[in-house]
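Same chain, two versions here, written out as structure tokens and called structure 1 and structure 2.
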Structure 1
């Protein structure tokens, strides 16, 4: 069995700062990481490998700097890493990303299962997994928080707004996972050191038969600004009953309640 774990390399949101003058995001000191839900996708693929035996391929696409993520993905238990390098993919919309990943998966071939995070940590569009399935001609199961594989049958539990749904689906299929499905492992020093010895490949768009005009995004990001909460910093003191009344009155005045 071959399992592909797709992931995105994103800025660590904990490192982002907001410029007070214009509320733009300061990213110059922000580190990069594998998107949070995509770590869950990699972990679930590796978990199945350890239980049933499989080969896990970590797959990503992006500008040159994203290549550094391969070692992290391999340290997390993946057996191979494939990176599609193209600087024009910086900020690519989900349609373009899905098209490139689909071509890569077709090139890899002989794949039974594809895992994606339910959404990326940066834009959280939640579109790549479903779009990828359509392009591959495979079924898709989204918002999965538990999987069980029995032969060619995948049993999945989906976490929905109004309850849980149990589904069974024949492979091959695309699965998008939630953050509840597992706890991604923290690679040990030994795993990090051995990751550099695992096979890593870098492909170009030409290797996938894709021309530059096929990766033109229809979505254009005009600007990104941080949300700043202006706090009144009001302090209420005195009798607890009177204080509660004052707090409620203040909230009503602000339109909060």
Structure 2
């Protein structure tokens, strides 16, 4: 069995700062990370491998710096890493991403199960999983917080707005996972060291037979602007009786309480 875990390498939103003059995002100091729920996607694939035996391929597409993520994905238990390098993918439409990933999955071939996160931490579009399924001609099960594989039958629990839905599906299928499906392992030093020895490949769009006209989006981005609310930031510390009385006084003065 071959399982593919799709992950996006994203800027850590906690490191992003907003330029006060023009509200643009300052990204130069921000670290990159494997998107939060994609760590759950990798973990779920690796857990199935550990229980039932499988090969886990970690797959990501992105600009050049995303290559550095492969080692992390492999340290988390994946067996192989595939990176599709394309600079135009920075800030790309999930429709375009899905088109590229679908081709890559077809090229990898012989896959039974594709895991994605419910949504990426940066755009949280929640589109790539379902779109991939349509392009592959597969079904999809989204927002899954429990999986159980019996032969080629996948039993899954979906977490929806008003409760759980239990579903069954024959492989192959795409599955998108929630953040509470599992607790992603933190790679040990040994796992980190051995990750460098696992097979990694870098493909280009040309390797996938994708031409530039095939990655054109239906949407044009106009701007990405900071949206943080300015607050007073009067911070009190020290004796609780004192700090509380200052805050209570301020709230009374404002007419808030």
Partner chain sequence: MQKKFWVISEQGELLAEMINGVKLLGSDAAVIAAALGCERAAKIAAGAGAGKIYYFKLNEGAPVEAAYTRLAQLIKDEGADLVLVAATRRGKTLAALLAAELDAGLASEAKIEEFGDGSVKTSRFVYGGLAISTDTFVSGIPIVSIPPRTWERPALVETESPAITEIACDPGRVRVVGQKSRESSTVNLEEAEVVVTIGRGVKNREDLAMFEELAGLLGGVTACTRPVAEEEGYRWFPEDSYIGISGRAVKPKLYISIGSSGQIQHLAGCRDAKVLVGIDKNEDAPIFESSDYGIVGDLYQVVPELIKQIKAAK
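Here the rigid core means the biggest group of C-alpha atoms that line up within 1.5 Å when the two forms are laid on top of each other. Numbering follows the first chain given and starts at 1. As the structure is a computational prediction, the values presented were derived from the model and not from experiment.
- Note: the form predicted in complex with its partner chain is the second of the two, structure 2.
- Relative to the superposed rigid core, residue 11 undergoes a CA displacement smaller than 2 Å between structure 1 and structure 2.
- In the rigid-core superposition between structure 1 and structure 2, residue position residue 244 carries a C-alpha shift of 13.7 Å.
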